[in-house]
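One chain comes next, on its own, written as structure tokens: the form predicted on its own.
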């Protein structure tokens, strides 16, 4: 079976480019790369040309998700898997691949309608070292772990589970969460040593509930937390430690309204299935109405 190896890149539709540039640099520490294209700019977090493409023009939501496979032969193998499973896809043109700065990709949709891309051969700019938007004590955790993780919307968790299993991700329900609407049972799935790269099962109005980025140094998480508190950015879930990935994180609002989870200290997936009803500590709710009013 061909398996994706990492969550490689993400595309976003945004309405306020300047707010995003300020937030990305000063709060998160990402590098803004503007190549003079009127409709987009890029965000870097390592030596890849980009990890995020910010499409200017409205929407304020996730535009597409890019999953990496090892090489061109793996992409052909993935194409066969999709075809055999009856999943509709198309092979991107050379121009579309060049736009994403990759050597080749497939375009399809997950069961919730989220645009999904499977690619190989990203452009890595070793000649252009990552330059953080603010001072950092360390770096972001990427490499074989990929970008981080996303919690995406889904219509039917079982359908989404089958789809991401077809891409080679594995996982299970890891929390039983008490909500005003009853017990939620989100599913977490991984494709490498990051505890999970995608999760779903919490309903929301946007394609994206939150994006998690991880710092290698605790002090960088602290600097971002200080910035959020100093500037009054709404915090949905306060600083706390998850039971499943053991990461110390907090959730706050981005300029597009979905949440950014910034964290440190995530661990590998557990070798066998287990579930939790509470986090280790913290993650108390604060601001509401941002799509994450339960502990997760």
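In this text, all values refer to a predicted model and were calculated from it rather than measured experimentally. Positions refer to the first chain, counted from 1.
Just so you know, the form predicted in complex with a small molecule exists too; it's not on screen, but the next bit is about it.
Peer 1: Does residue 251 reach the small molecule in the predicted bound form if we count a contact as any heavy atom within 4.5 Å?
Peer 2: Contact check for residue 251: yes, within 4.5 Å of the small molecule in the predicted bound form.
Peer 1: Given that the small molecule is not shown alongside this chain, does residue 100 nevertheless sit within 4.5 Å of it in the predicted bound form, heavy atom to heavy atom?
Peer 2: Residue-level check for residue 100: no, no contact with the small molecule.
Peer 1: Using heavy atoms and a 4.5 Å limit, would one call residue 190 a contact residue for the small molecule in the predicted bound form?
Peer 2: Looking in the predicted bound form, residue contacts with the small molecule do not include residue 190, since no heavy atom lies within 4.5 Å.
Peer 1: Any chance residue 256 has a heavy atom within 4.5 Å of the small molecule in the predicted bound form?
Peer 2: Because no heavy atom of residue 256 falls inside 4.5 Å of the small molecule in the predicted bound form, the answer is no.
Peer 1: Quick check for you: of 36-44, 22-30, 53-61, 237-245, which stretch puts a non-hydrogen atom within 4.5 Å of the small molecule in the predicted bound form?
Peer 2: Of the options, only 237-245 has residues within 4.5 Å of the partner.
Peer 1: Considering 120, 175, 164, 215, which brings a non-hydrogen atom within 4.5 Å of the small molecule in the predicted bound form?
Peer 2: Contact with the small molecule in the predicted bound form is made by 175 alone.
Peer 1: So, 6, 145 and 194: all three within 4.5 Å of the small molecule in the predicted bound form by heavy atoms, or not?
Peer 2: Heavy-atom distance to the small molecule in the predicted bound form: none of the three under 4.5 Å.
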